[in-house]
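This document opens with one chain alone, in structure tokens, the form predicted on its own.
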Amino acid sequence: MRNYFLLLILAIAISAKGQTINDFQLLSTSGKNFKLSDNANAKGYIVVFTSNNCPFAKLYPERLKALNKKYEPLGIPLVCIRSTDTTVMDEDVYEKMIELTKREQFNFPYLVDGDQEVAAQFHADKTPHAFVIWKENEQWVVKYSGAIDDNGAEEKKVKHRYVAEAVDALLGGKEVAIKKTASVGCAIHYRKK
């Protein structure tokens, strides 16, 4: 029984600290590989799992570019990751990701997670699904997970900009008030291994 309580206390301590993310290397639509650790000046990252085909994801390119424009100079760049199964969604193949990057003039890396391992590590389940990760003691810790904001359809009616609010809190040395929301969008279908 004592061992059970020790395990429970350990589990609570780990969950209070936050989920950690291992560094990863993914191919960008620029043709270069991307790693979190390549940017030594990054305090954190905004990581958004997205896709070319999802109607919800198609609502956000301008907002994503605005987030990166605002926060990249402050040491919190944005990256987007495509983890959808291209055997189901052929619109998400690498060549079409390159086309979308050019058409939308992305100012951030758009990465391909072909084996879906990075999405699984984050526990991403929708497109779009946003995360704010922060560097603490040489580890990347998830500080926010969920929706980008509270109104995908009508940006002018947004009341909560969850990602921006989380980043602003962290930059101010404060605790993130809303740590998790439900991501709304298209399901990421994981291939069976």
Partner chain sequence: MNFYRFFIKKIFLLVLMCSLHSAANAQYNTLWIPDTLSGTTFNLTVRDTFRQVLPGQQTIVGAFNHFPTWGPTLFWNKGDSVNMFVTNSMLDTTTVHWHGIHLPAIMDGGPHQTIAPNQTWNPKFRVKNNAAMYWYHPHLHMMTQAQLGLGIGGLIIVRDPIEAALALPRKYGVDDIPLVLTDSRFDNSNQIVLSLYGDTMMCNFTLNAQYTIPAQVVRLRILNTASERFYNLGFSDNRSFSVIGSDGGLLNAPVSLTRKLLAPGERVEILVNCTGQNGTSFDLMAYNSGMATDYPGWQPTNYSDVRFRNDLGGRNFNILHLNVGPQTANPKTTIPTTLTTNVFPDSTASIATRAISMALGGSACPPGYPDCYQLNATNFDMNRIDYRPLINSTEIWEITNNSTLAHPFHIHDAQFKIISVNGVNAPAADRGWKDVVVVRRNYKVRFVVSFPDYADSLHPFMYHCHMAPHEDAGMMGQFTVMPECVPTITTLTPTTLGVGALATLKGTHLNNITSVKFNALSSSFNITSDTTIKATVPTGVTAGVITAQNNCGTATSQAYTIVDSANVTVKFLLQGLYVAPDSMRNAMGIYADSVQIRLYAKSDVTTPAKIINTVVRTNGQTFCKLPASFIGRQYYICIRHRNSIETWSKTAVTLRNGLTYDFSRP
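Residue numbers count along the first chain shown, from 1. Keep in mind the model is a prediction, meaning the values are calculated, not measured.
Omitted from view is the form predicted in complex with its partner chain, to which the following refers.
Interface membership of Leu74, its partner chain in the predicted bound form, 4.5 Å heavy atom rule: Because no heavy atom of Leu74 falls inside 4.5 Å of its partner chain in the predicted bound form, the answer is no.
In the predicted bound form, Val184 touching its partner chain (heavy atom, 4.5 Å): Close contact exists here: in the predicted bound form, Val184 approaches its partner chain to within 4.5 Å, heavy atoms only.
Its partner chain contact in the predicted bound form: Glu62, any heavy atom under 4.5 Å: No.
Proximity of Asp90 to its partner chain in the predicted bound form, heavy atoms at 4.5 Å: Asp90: yes, in contact with its partner chain in the predicted bound form.
One residue of Asn151, Asn39, Gln139, Ser28 in contact with its partner chain, assessed in the predicted bound form (non-hydrogen atom, 4.5 angstroms): Result of the distance check: Asn151.
Contact stretch among 142-150, 39-47, 129-137, 65-73 - heavy atom within 4.5 Å of its partner chain in the predicted bound form: Selected stretch: 142-150.
Residues of stretch 20-58 in contact with its partner chain in the predicted bound form (4.5 Å, non-hydrogen atom): Read in sequence order, the residues that approach its partner chain (within 4.5 Å, in the predicted bound form) are Asn53, Pro55, Phe56.
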